[in-house]
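One chain comes next, on its own, written out as structure tokens in the form predicted on its own.
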Amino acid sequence: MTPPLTPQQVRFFHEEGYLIVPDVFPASDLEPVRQSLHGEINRLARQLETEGRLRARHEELGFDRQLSAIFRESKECGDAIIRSLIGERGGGFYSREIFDLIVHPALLRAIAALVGSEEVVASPYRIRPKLPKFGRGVVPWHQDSGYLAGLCDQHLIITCWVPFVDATADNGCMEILPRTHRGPVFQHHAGGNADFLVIRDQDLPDDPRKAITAACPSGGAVFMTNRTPHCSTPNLSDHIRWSVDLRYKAADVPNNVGLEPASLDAEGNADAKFYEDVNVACYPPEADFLVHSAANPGRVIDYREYSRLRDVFARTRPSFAEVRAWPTLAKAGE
């Protein structure tokens, strides 16, 4: 069993705004997730092949290269597979294997130590396939709080970034600005690369040249606060940098645990009252769920309930465009 985080690691996290733990669990524990994702890619590729949109599935190239080959053959098909995997507002592909990673005991022990609570709430994840020489995979400087409701700015929400391959500077690991997470959320702009939010260099709290390279082996994890500025660099390797980011918080942080639309119309729109109630959550369009509680074990979610909640929220169309409005980045010449 992986030992819990040490007091020194917990202190480092709160002082620096991040923590890289290279050995959270055996790398072999990620193999079921890799296989489930690979199976889904093959299913989608087979469907595209049947429709006559794709000439070959390129399955022989394996999980870390197949999607790149599909993208080279057909950008349209590659985009379709990526969109299906990533989804919107916590939708996209999910499986029992991914759920088992979210509730992995070693991860939850680390999260409980960092948030200082044994009651832990999780939110839906994001699958991150960063293809070689793939422009949309470059994520500009931002804080995760930039995507969350302002009412949660002073709360601790942990991003747990788990690579499915060794993440290195060569294949596009993250860069992090340490010790810059204690102040307010910095000015963000909409319209960054691939429509990500971006903190312009002049709005960063420190020189980006002081950033640390967050290299992390498979089996490890990078933990960050929601106010830690970070970015993601280009993948210059010959393989896909697969990863997933998970989000956790203590149960006393605003959340929508136990709330869901009372009704959905034929278009998947939730009743208006739902959005009045759910607006207390840090990110209202997604379902929060309890993943650990010694005091209330009966409220801890299982995979069946997790699947149901994801389906409900994926079919729900919010009545607002954005959780938080940021100005749009001015284009050159404007």
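So that there is no doubt, residue numbering starts at 1 and follows the sequence shown. Source: prediction; values computed, not measured.
Form predicted in complex with a small molecule: not shown, discussed below.
> W161 near the small molecule in the predicted complex, any heavy atom under 4.5 Å?
Output for W161 is yes: heavy atoms within 4.5 Å of the small molecule.
> Tell me, yes or no, whether A251 is in contact with the small molecule in the predicted complex, where a contact means a heavy atom of each within 4.5 Å.
Answer no; every heavy atom of A251 is more than 4.5 Å from the small molecule in the predicted complex.
> May I ask you to state whether H104 is within 4.5 Å of the small molecule in the predicted complex, using heavy atom distances?
Close contact is absent here: in the predicted complex, H104 is far from the small molecule, nothing within 4.5 Å, heavy atoms only.
> Verify the contact flag for M174: yes if a non-hydrogen atom of it lies within 4.5 Å of a non-hydrogen atom of the small molecule in the predicted complex, no if not.
Result yes; M174 sits at the interface with the small molecule in the predicted complex.
> Judged by heavy atoms and a 4.5 Å cut-off, are E16, H155 and H181 together in contact with the small molecule in the predicted complex?
The answer is no; none of E16, H155 and H181 reaches the small molecule.
> Since the chain is shown here on its own, which stretch among 256-264, 206-214, 135-143, 116-124 would lie within 4.5 Å of the small molecule in the predicted complex, judged by heavy atoms?
Only one stretch passes the 4.5 Å heavy-atom test: 135-143.
> Within 4.5 Å, heavy atoms only, which of D245, D170, E73, E97 is in contact with the small molecule in the predicted complex?
Residue within 4.5 Å of the partner: D245.
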